[in-house]
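Read the single chain below, which is given as structure tokens and is the form predicted alone.
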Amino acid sequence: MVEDVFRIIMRVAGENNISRIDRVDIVIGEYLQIKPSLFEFAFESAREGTIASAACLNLETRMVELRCTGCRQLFLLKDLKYSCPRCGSGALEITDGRDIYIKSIEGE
């Protein structure tokens, strides 16, 4: 996963004539269950010998947000309770927290 993200970072840098990447901000949804420390370690390995070799990585975690398909209540997943706090239904859809994306890339 980190290799795919890093390929995108390098492609965007090339498309924008960035010759040195100083900072990368990435958002990771909790639903993916990615350990930030492992992601950081893999990122450090991937950046070696590239224009991002000294880049600072900032990870932001996004909580899982659910919507009840019955009463349409939006709520954050807590304690792995997959039921609506308003009506008790288990018919839910995930509206946020299951993606990983690059929020920003800074450099020159």
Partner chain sequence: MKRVLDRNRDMAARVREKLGVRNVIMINLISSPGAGKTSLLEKICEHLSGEMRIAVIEGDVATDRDARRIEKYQVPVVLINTDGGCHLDSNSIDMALREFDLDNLDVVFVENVGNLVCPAHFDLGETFKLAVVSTTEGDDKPIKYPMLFREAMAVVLNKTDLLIHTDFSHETFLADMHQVNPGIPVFELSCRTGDGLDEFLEWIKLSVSKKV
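Fair warning: this is a prediction, and the values are worked out from it, not measured in the lab. Numbering follows the first chain given and starts at 1.
The form predicted together with the partner chain is left out here; the points below concern that form.
- Of the candidates L59, A46, I51, I34, I34 is the one whose heavy atoms come within 4.5 Å of the partner chain in the predicted complex; the others do not.
- The partner chain is not shown here, but in the predicted complex it comes within 4.5 Å of a heavy atom of R98.
- Taking non-hydrogen atoms only, Y82 approaches the partner chain to within 4.5 angstroms in the predicted complex.
- Contact between E108 and the partner chain in the predicted complex is not found at the 4.5 Å heavy atom cutoff.
- The partner chain is not drawn, but in the predicted complex it has no heavy atom within 4.5 Å of M10.
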